[in-house]
Each structure stands twice: as structure tokens, then as C-alpha cells.
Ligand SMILES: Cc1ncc(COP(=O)(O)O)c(C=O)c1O
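In C-alpha cells, the next block holds one chain alone, the form predicted on its own.
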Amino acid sequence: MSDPFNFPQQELLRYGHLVEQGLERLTSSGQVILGAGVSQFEAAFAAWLGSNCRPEQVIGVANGTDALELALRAAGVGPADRVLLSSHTAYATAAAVLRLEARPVFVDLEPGRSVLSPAHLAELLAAEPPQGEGRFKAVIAVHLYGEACDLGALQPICHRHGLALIEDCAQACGTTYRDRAVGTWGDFAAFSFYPTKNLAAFGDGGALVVNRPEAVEAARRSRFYGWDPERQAVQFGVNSRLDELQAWVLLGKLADLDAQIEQRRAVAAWYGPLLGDGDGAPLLPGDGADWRHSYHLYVIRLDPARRDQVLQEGRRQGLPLSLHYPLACHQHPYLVERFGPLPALPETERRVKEILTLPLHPHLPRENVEQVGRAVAALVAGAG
């Protein structure tokens, strides 16, 4: 049976024909790896990002984590180097750093927000590095949930310290900062097209965006063994190519992406009146003064004791509630075991105890939003 809360299923119901069309194109061309689908999608995605992005700057890769890894490599990050990033993010962000044998250094959140604090970043950069530690080489600005980092503050900090600014846009396709798409501000950007993302493949997929002209050619080679046009390895490379069939799917869905982002914003607006604004009511997500939310996720904040009660009882009632993310990266057992106890991050540690994710996608009927919103409001009122 169709599940209105299952975004990948709803996308398949509406866009499944793109798979058939893609297969027809593959059959007629015989080109199943890095063919016309990939090149046309790269050009179309560059155009969608805006006039600051040219087709050659977009490089289709196998997934968003690979895009981050290749961005880090293009920025010159290597073993023992240090990379600054949010701890409140999908663990994939940290995993990309670890794949290079580099060390993640975690930055606390801005008060009241879900993105890294430029003030704490500057504080970490001003401190004396621990003896034996590698150099800081890059900052990963994670635009979590569809919120935008304060790129206007981050750019001069990175420039002053000679650091590459890498935007993690896995959850921010459609987010704008100062009326310009995120992904076009940093030196590099990584996008994910995982099936739950705003622009979603029917499998894995990702894109690396290179905003340093001098780095484009080497970055493009890096996804395919480091080969030049004669298939000679002239640099380090990996095997990370956007699948041709997924590229055709993404190209077809890109035409509707702006409308889908607007519908995500409409669904978010439906939630507001349902969840209330009285004593104990949740704090709701929304736009900032200079950025516009794309609502990959709809994450509210509650008093921790109330949050846990609402989550437990809501799940008992069958509400599709979730946590993004129950642990910050610096709290994961593997990182604690590998690096020892990591410095406390008060805002981050507070945030993971407050957050609660409500279902949101562009095909979600209003009656289902009202069902969830009213139930959550009742649970909040009865908790505490």
C-alpha cells in the first residue's frame, strides 16, 4: 500500500517513468558509463545553481560522501591534517575526513541554530595547536536540515587563515544565502542525491562543485582513477562516477525541483499554526535574515524531558517521528575510542537532546500534516 509519509515511494509513483526513459536512452546509445546523461545533468545542475557556476564546475560522482572526500583531496588535505566541521551533522561528514586519515576538529553550533558558529571557529583557529598535531587545512560548512551557514562570516575567516571553505550541501539543495544558491560560495561544495534528498535519485548519487577554476581539471580526473583523456593515470584518483541511469533520472526531476522546494516551504507553513506558540510550545524552523530555508527536514526543538516523552509516546501511537541526529559526531564510540574524550561542545550537546523531526516532503497531503501536527501539539501539552 502507498505510504504518504514515504518520500522515496511517493517519488517513484510520480517519476518512475524516468527510469524507463533512461533505459531507452542507454539502449539506443550503448553508452552506460559517463555518457550524455551525466554530461547533460552536470550542465543543467550548473545552470540551476546560477550564473556563478559553469558546466565544467559540476562533477557527477557516486554519492555525497565521495563528493566530500574528493573536495577535501582537491583542497590539499592529507593524512594528519586537521579539518574543522560541525559535530551536529550526519556522520558521513566526519567519515569523509577520516577516509583521508585526516583529523576532524569539531566546532560548536551558533546559539539557537543548527549550523557551526563562526565565533567558535575563530576561537579554535586562534588557539595554540596541540603539540604534534597537523595543520588546519579546511573548514566544512554543513548546511544542516536546509539551514544556511553564515557564509559571509566564514569566508573572511577562511581567507585569513589560508583554509579551503567546503560547503556540505547534502541537505541544502534549494537553500539560498543572500539570494544565491549555497554551493556557489565556498571553494568546493558537495551535494548528495540520496533517495531522501530534495533532489533525489532512485539510488545513490552525488556531485562535487569546484569553484576554484585552477582545480577543476584535476578534480574531474580524480573521480575516474586520475586518468587523462588517453587513460594514463597522471594523479591520484578513485572510482566514483555518477551512474548514467541515475543521471537521466536526476535530469528529468531537476525540471520540477524549484516547484518541489516551494511545496516543501508550504508544508512547513502548514505545521506552524498546528504546533502553537504558548508556554512550552516547540521552537520551529524558519528562514534567517539573509538566507532561505529549503526544508530538507522539519526539525523542531523541545525541552529535553518533554522531547523524550513526546518521541516515546508519539512512536507508540504510530507517528513517523525521528531524530536527526541522536548523537553528535564527537559522541560516537569509534571517535572517542580513536581520539580519546573530545572537547565539550555545549550548544551541540544541548541541541541533540532537544531536536525532533516531523515528516515533511513535497507530496505530503495536508490532512496528514494536520494529523501529525495536532497529535504532536497534544503530546507536547500533556508532557512535562
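Residue positions are given as counts along the sequence shown, with the first one as 1. The structure displayed is predicted, hence computed values, not measured ones.
Beyond what is shown, the protein has a form predicted together with the named molecule; the following relates to that form.
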**Asked** So which stretch, 254-262, 194-202, 151-159, 123-131, is the one near the named molecule in the predicted complex (non-hydrogen atoms, 4.5 Å)?
**Response** 194-202
**Message:** If we define contact as a non-hydrogen atom of the residue within 4.5 angstroms of the partner, is A181 a contact of the named molecule in the predicted complex?
**Reply:** no
**Request:** Indicate whether the named molecule has at least one heavy atom within 4.5 Å of a heavy atom of A170 in the predicted complex.
**Result:** yes
**Asked** Is A92 one of the residues lying within 4.5 Å of the named molecule in the predicted complex, judged by heavy atom distances?
**Response** yes
**Message:** My question is simply whether G37 lines the interface with the named molecule in the predicted complex - judged by any non-hydrogen atom within 4.5 Å.
**Reply:** no
**Request:** Identify which of A138, V142, V249, A74 has a heavy atom within 4.5 Å of the named molecule in the predicted complex; exactly one of them does.
**Result:** V142
**Asked** From first to last in sequence, which residues of 54-68 have any non-hydrogen atom within 4.5 angstroms of the named molecule in the predicted complex?
**Response** N63, G64, T65, L68
